[in-house]
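Structure 1 and structure 2 below are the same protein chain in two forms, each given by itself as structure tokens.
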Structure 1
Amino acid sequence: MTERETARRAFARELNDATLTYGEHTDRTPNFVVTPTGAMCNRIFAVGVLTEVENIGTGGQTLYRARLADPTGAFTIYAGQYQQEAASFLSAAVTPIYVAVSGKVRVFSPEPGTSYTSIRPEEINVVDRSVRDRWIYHTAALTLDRIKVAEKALASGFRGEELTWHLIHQTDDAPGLSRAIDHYQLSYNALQAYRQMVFNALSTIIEPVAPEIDLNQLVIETVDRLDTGEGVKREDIVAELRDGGYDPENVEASINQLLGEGRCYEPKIGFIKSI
């Protein structure tokens, strides 16, 4: 029996940076989208905040486009008539909401030089913050593993087929990584930038130290209390809490942190709403 393709874990920014595909276009062998750190993605699993759903179908066709945000960017999801369940899920979804999606990865290149990466969902479901945080942790760990192997690959001095053979015992991605190094002209600097991306993503789920927890909670409570439907003005939150004796600077920092963690969002610029 043919083995099921493992769903890979990658942050939105890395997946969106992907422009390389690899695979024989025959019946039985899977096609892969190869990310800059060499992850050969046929299938992917992503958890984030669903922020936007649009019905872009024309002439009575079903086609939904949705955005799923993680700390580094947003995945694009397309669900059409062959993804009925996902399409009806998206049509009914009330954003923002924590969502897990698994599906096939696609790269669309309308013209040379531009390409768009998207996910064609196989499964999609509502989850909670702990699931999203755990996904960020695991995705970070797996991305770091890939970065380390990629750095070793660069250091080896091998390229192309020779590099593939050199890597075969270190990673399942050997053919992908050696192609990625050529295709993306991968450098230590580029890898360092991805490491920084992972660093930032991890930072968003770290629990703030004790006093800040109270302030974050207080900000959310204040938002919920003042919210009449379309969110609360940033200034109003700061003013409200300043009256309660809280430093405006700390309150601003708390709002930013809540936005970064995806626990609050901006329905429009300058307005804050809790999830």
Structure 2
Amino acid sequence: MTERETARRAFARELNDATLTYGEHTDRTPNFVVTPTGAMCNRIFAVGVLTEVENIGTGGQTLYRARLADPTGAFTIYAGQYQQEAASFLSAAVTPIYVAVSGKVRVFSPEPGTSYTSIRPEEINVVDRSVRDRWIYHTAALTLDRIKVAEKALASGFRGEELTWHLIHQTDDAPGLSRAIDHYQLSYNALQAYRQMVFNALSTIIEPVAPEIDLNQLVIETVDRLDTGEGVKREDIVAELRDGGYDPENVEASINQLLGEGRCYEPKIGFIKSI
């Protein structure tokens, strides 16, 4: 009996971006959908809000299509005669509801240049928001780990089999990542977009806390950034921070305090340099 592949975690947006498959396409060997960050997904575990369910079967056949939303997009789920328990669950589901789904991943390409990714569910269970939030947290951590390895792979200069051997001790997804880099023409900008996707997802479960701003330190950093050698005009510092939303009077007071403490000085009247 063949051991089942581990169910991977990926956000809906990344999985929906996946168009690469990898495997021998036989009944005896696992086939994988490779995501842009290199995750090799034979099975996937997803948690979100079940928002839509419809029976799209024809000719007396039952085939349910459902959407499972996470903060980045929505997974598409299909359950028919070979997923009877899942189909029965979907037929009775009252949306919206939090659910956890594990199942096989498939990429359907009806014509060149067009691909659709979906999940054939093996198990669906009702959960609560805390389970959904934990899934977001752990999926975010795993995605960021893959992004870091992908960035190192790009920086290595290796490609193909050479890259696979280079990554073999860094990630179990080495074959997938080396193929993903070529297939998706992966770039640092693309990885940064996925990193931002992760941060956006995390912002839905973590209450934002406004950091305490050390205006004096911000003034010094602004001076150092703008200084080309002769210091920075006082009015340029005030204007720069005013555009960033800081009160000009507070900025002026901060400059005077830094001068009084000796952390900044005036090389000539009206110009500020940091010590």
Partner chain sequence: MEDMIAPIADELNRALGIDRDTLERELTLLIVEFKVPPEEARRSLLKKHRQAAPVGQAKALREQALVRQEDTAPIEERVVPLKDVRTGDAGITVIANVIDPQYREIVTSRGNVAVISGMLEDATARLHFTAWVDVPDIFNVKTIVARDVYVKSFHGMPGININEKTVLEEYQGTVGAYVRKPRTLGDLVRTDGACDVETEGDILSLRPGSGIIERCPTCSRVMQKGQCRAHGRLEGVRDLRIKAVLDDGTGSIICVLDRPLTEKIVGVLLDRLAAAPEKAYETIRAAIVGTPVIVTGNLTKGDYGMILVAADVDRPADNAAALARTLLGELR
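Residue 1 is the first residue of structure 1, and the numbers go on in sequence order from there. Because the structure is predicted, anything quoted here is derived from the model rather than measured. Throughout, rigid core stands for the largest set of C-alpha atoms superposing within 1.5 Å between the two forms.
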Pair member which, unlike the other, is the form predicted together with the partner chain
1
Superposing on the rigid core, is the CA of residue 219 displaced by 2 Å or more between structure 1 and structure 2?
yes
By the 2 angstroms cut-off, has the C-alpha of residue 14 moved between structure 1 and structure 2 once the rigid core is superposed?
no
